[in-house]
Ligand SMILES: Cc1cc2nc3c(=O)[nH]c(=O)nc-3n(C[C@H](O)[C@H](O)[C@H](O)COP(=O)(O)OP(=O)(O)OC[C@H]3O[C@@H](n4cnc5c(N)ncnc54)[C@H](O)[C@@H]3O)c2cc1C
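Before any questions on binding or motion, here is one chain by itself as structure tokens, the form predicted on its own.
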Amino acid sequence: MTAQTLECEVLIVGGGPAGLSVAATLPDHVSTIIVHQDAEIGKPVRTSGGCWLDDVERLGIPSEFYQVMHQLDVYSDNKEAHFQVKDNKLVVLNITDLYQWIAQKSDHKQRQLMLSTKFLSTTKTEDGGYLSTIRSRHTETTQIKSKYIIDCSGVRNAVLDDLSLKEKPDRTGVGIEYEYPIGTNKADHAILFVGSSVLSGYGWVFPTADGKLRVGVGVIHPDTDVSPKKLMLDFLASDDVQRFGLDLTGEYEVNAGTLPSVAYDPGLVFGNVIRVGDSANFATPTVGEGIRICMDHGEALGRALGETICTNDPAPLKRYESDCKKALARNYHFGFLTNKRFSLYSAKDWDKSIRRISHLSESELVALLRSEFTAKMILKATYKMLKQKLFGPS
């Protein structure tokens, strides 16, 4: 039974970094409701929190919310590469603190945050707006009338899927992470690992600013049907723990998450329904890192939508869509090709790849991880693929 009907100008479905950033930059007078399925912002943790120092400083993220890495090691079964990171350093974000900090930016606005609440469906109304149905964990059903809907629901694509605007992605990155006490592990030392222990994906070891060590694995479904949990348990029982010099003792928490791993689609604006964040496949296709991108484009969408609401002109929203395409489409195209190629690698292929990676400069490694491909990198990759097609694997 419907208990009540609420009204707002903007309904935001999802309380992650993208949706919260939209709310943060909407004009103060715009009435907004954020529907978030979890009981608390930033919990449970659904991402490993990798980012870059230049970006977190530009975004004004408080320094106590991240740990700076000074070394990055990359391992395959039989090869390894070690990098002293001096310029654009990798950082690991404290997810809960960060998301709550972003949420506080709209606390003073005409914004209602509805936690433990799930978006169910929506229908377009005669006046061009939308009537959406949501449900709290106490099974109370509510309807929300809004002029605009922002889909920030992540891999669910909840709004777009319900309106038959976009289907849920058929290829996803699925990860699991165990969060241990930091113990004797180095607090400024990150690890990435690939090979037989995590085929069709990769693993990571990330220390955090609040004295934890995140150890996780992620794979691509349906490129493999193995569960990340099984891979994680196998890794913890393997010799790699000692090889990497890890101290994995004490009680741990388990985090898990899913994100789309499909080709970038530049269509973001569907009339008064707009997608952003993981619903728009904003995470980088190489390693699935995307918080900075979700924040950047979430803030941009909030400003554009605010201008559209104030002027009743859709042009700012089309500029948002165009700006996202200009910033992401080219690099994400080549990043997705790299992702697809890596997902088919054998352990032997990864050994060869890590041998090549060991010869990269710091800037080249960072560009690869960030899915930022120079013309030289693209030409080299194209030449290699053509050579293999003509002459077979080297």
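All figures in this text were calculated on a predicted structure; none of them were measured in a lab. Start at 1 with the first residue shown and count on from there.
The following text describes the form predicted together with this ligand, which does not appear among the structures shown.
When this ligand is considered in the predicted complex, N185 lies well away from it, no heavy atom lying within 4.5 Å.
Although the partner is absent here, S48 sits close enough that one of its heavy atoms falls within 4.5 Å of this ligand in the predicted complex. Residue contact check for D296: none of its heavy atoms lie within 4.5 Å of this ligand in the predicted complex. Q37 belongs to the set of residues with a heavy atom inside 4.5 Å of this ligand in the predicted complex.
With the partner removed from view, the residue among P169, P207, G129, G257 that has a non-hydrogen atom within 4.5 Å of this ligand in the predicted complex turns out to be G257. K118 is the sole member of K145, K124, K118, K229 with a non-hydrogen atom lying within 4.5 angstroms of this ligand in the predicted complex. Judged by heavy atoms within 4.5 Å of this ligand in the predicted complex, the contact stretch among the candidates 286-294, 70-78, 245-253, 318-326 is 286-294. Heavy atoms of no residue among F193, G203 and S353 are located within 4.5 Å of this ligand in the predicted complex.
Of all the residues from 134-153, those having a non-hydrogen atom no more than 4.5 Å from this ligand in the predicted complex are C152, S153.
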